[in-house]
Structure formats: C-alpha cells, structure tokens
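Before any questions on how it binds or moves, here is one chain, the form predicted on its own, in structure tokens.
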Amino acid sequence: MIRLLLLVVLTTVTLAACGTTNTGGTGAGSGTTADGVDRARLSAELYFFNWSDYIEPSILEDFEAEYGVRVIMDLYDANEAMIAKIRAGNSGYDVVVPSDYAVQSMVAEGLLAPLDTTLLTNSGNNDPALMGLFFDEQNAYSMPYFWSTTGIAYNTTVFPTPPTSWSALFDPAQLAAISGKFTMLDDARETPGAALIYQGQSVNTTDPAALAAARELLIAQKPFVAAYDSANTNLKLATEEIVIAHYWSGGAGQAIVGLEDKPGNPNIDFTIPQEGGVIWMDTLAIVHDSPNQYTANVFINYLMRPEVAAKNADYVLYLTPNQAARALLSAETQAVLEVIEPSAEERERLQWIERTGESDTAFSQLWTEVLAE
C-alpha cells in the first residue's frame, strides 16, 4: 500500500528496453563466492520499480560496488499504477514493491515470479510474526520490506489535544476550521477505508449500502480537502502547509525528522483513532517476465542483511520487519519509533486491507465516483 518525497538519485531508462539477461558476467568477477552468489549469473543491470522515499540511495551504490550490478530505479505512487504497467507486459522492471493486498492480486493474475528461497538466506532475520501472512502464506512470491499503519498525523500546536476520532477529518462541524489545510491519501482502498472505519464498518466490506454511505461521506468531505496526496504529505506537514492528514505512520516519522534537504517539524505527531485504522506491509517481489531473476533474488537477499536493513530504516523511517536490524537502528530512529509504532492496544484496532475481484471492482467504482464529483 507505502508511501513521500525525498531527494533520490535516479537514472532514466527507456522502458521499451527489457533489461539485460542473466547469462553475462559482471565486473565483479565470476564464480560462486563465500556468500553463495554466482557472479557469473548476475546481470549487469537491475531495474527496480519502487515507491518514492523508500530506499536509502547509497544502498544501491553499495550493492553495485559489491556485485557489479547497476540498479536503475523508477518511482510510482500507487499500487494500481504499478500493477497496470506490469500487467501490460514487457515493463522492463525486475523488482517491485507491492503492498500486501496488491501481492494477492498480482499472484492471482500471474504477474509475479516465485522466489528462489535457496538464495534468500537472510530471510531468517525477519520477525516470524510478519512472515506467512494472509496475502502470501508461504512467502512464495514476496518478502517483507517495511510495515506501517494508517491513521492521523497532526500538528500539536494546532491540536494540543490529540484527535481521537476520524471525526476530525469527516465531521462537517470540525472541517470548516481546517478547510484547505488537510489531505487524504490518494488511494482507492485507504481513503474509502477510513470512511468505512469511521462509520463502524469493516475496511473490506463490499456491502452496497455501506459503500454508498462511505461514498456520500467522502463527497461531503471533498470541498474541504486540500488534496488527495500520497507523495508529498510529509513535506506539507513539515512546512505546515497542512496541519492534519490521513497518513501513514512512517510518513509522519519523515515529517518529524526531515529528509536530506527537506525540513523536519518536531510538532508533528501521529495517532490511531479510537474507531481504528489500517495496518499494512510493503514487500519485495520479482516481476513474472523479468529476465534477471537470479540477480533480483540476490538483491532482495541483500536488502535483508541486518546492517543494510538498519541503514535503510534509519533513512526511510518506516517500521522494519527485520528483527536483527532493530538493535542497529540509530537513537534518532528509535525516538521516532516511540511516536509511530503502534502499542499492543492500538494493534487490536487495526485492520488489514484484503483484496478480491469483487472488492477491486467495488472500490474502483466508488473512488472514481468520488473523484468525479
């Protein structure tokens, strides 16, 4: 479902090119080494399709230095946009970062390649509680990357008392005071999901009456919304362009700390409303028609090294599933975790978004109708 605006070094690639094959050697030499990687099977390049603000840039440089593989990264800001490119075929991408429910959809459509577990020797570093989840029970197609929650990020100078209910973003009597100063996620499941949760419904219901009520609530809210935004909310919160947002916990962490040349704002806080929120996970997966699947597995395994995962989490500020990395996190990151990591009580109020063909159609139609108003 993750999610944000950082300065990343991107190399532009013409997507008509489908990448290099696994058969050529690289500058790193050839032959299997102590880490079990056969350098002769590595491709010269790897094409990575990722969310914005979602990897520490020097990690890509470090991977190239170690393995001789140049990682070329493009960005997307919605699972649906990524899936549409992969579904069209010959996308040129090798590794993608689908959210939990998107894994379900992509597996059902045959868009992901099975992982080579013999190459994923670092998977044991992951928290067992975050492995084998409903969307990929055998982790046959995906490995955990980051996890997070969706709730309310807010400025404590404007809201000295934390907003405890989704009514802060849906009650017309409260919206007038923040008109044009708040955002909702640009997401066909998350934003209707928030409306459903506020109305006491499951985030996964496809009951026509419940969806109609959520649609009407969102249409009534729309005149007050500054934007539906899944890419820039962290910066808008930090600069106080907005004062409250329907947002991911990790994005709130980024707004607090700031990222590279982007400012941070210590007045930002995050909460899970009393009605509940969403819990989600982004994963690492391999595109079904990737010609570089050996290299893609090596790259995923590299990202699960404890020191690499910790470096990544220090930068991204989402919750790492890598247990071995937790002790390596910086003091600053540990402080942010105290703000954004859900308590045991909050986790009881969180729901996973699940996906079916019926829900795809129902939520897509609902969201289209809201945006058309």
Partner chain sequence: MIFFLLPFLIIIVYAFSSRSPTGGVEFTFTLNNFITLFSDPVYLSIFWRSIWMGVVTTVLCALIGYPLALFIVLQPVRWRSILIFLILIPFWTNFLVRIYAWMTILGNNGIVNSTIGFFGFEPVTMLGTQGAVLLGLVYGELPFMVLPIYASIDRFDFRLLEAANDLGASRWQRFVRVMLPLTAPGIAAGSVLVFIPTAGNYIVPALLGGGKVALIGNFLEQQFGSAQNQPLGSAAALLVMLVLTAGVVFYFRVTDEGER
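Quantities reported herein were computed from a predicted structural model and do not represent experimental measurements. Positions refer to the first chain, counted from 1.
Below: the form predicted in complex with its partner chain, not depicted.
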Would 100, 284 and 336 all count as contacting its partner chain in the model of the complex, using a 4.5 Å heavy atom cut-off?
no
Heavy atoms within 4.5 Å of its partner chain in the model of the complex: which stretch among 142-150, 173-181, 190-198, 157-165?
173-181
Any non-hydrogen atom of residue 207 within 4.5 angstroms of its partner chain in the model of the complex:
no
Just checking whether residue 80 would be counted as a contact of its partner chain in the model of the complex - the rule being heavy atoms within 4.5 angstroms.
yes
Hey, in the model of the complex, does residue 226 get a heavy atom within 4.5 angstroms of its partner chain?
yes
Interface membership of residue 232, its partner chain in the model of the complex, 4.5 Å heavy atom rule:
yes
Going by heavy atoms, what in 341-373 lies within 4.5 angstroms of its partner chain in the model of the complex?
356, 357, 360, 364, 365, 367, 368, 369, 371, 372, 373
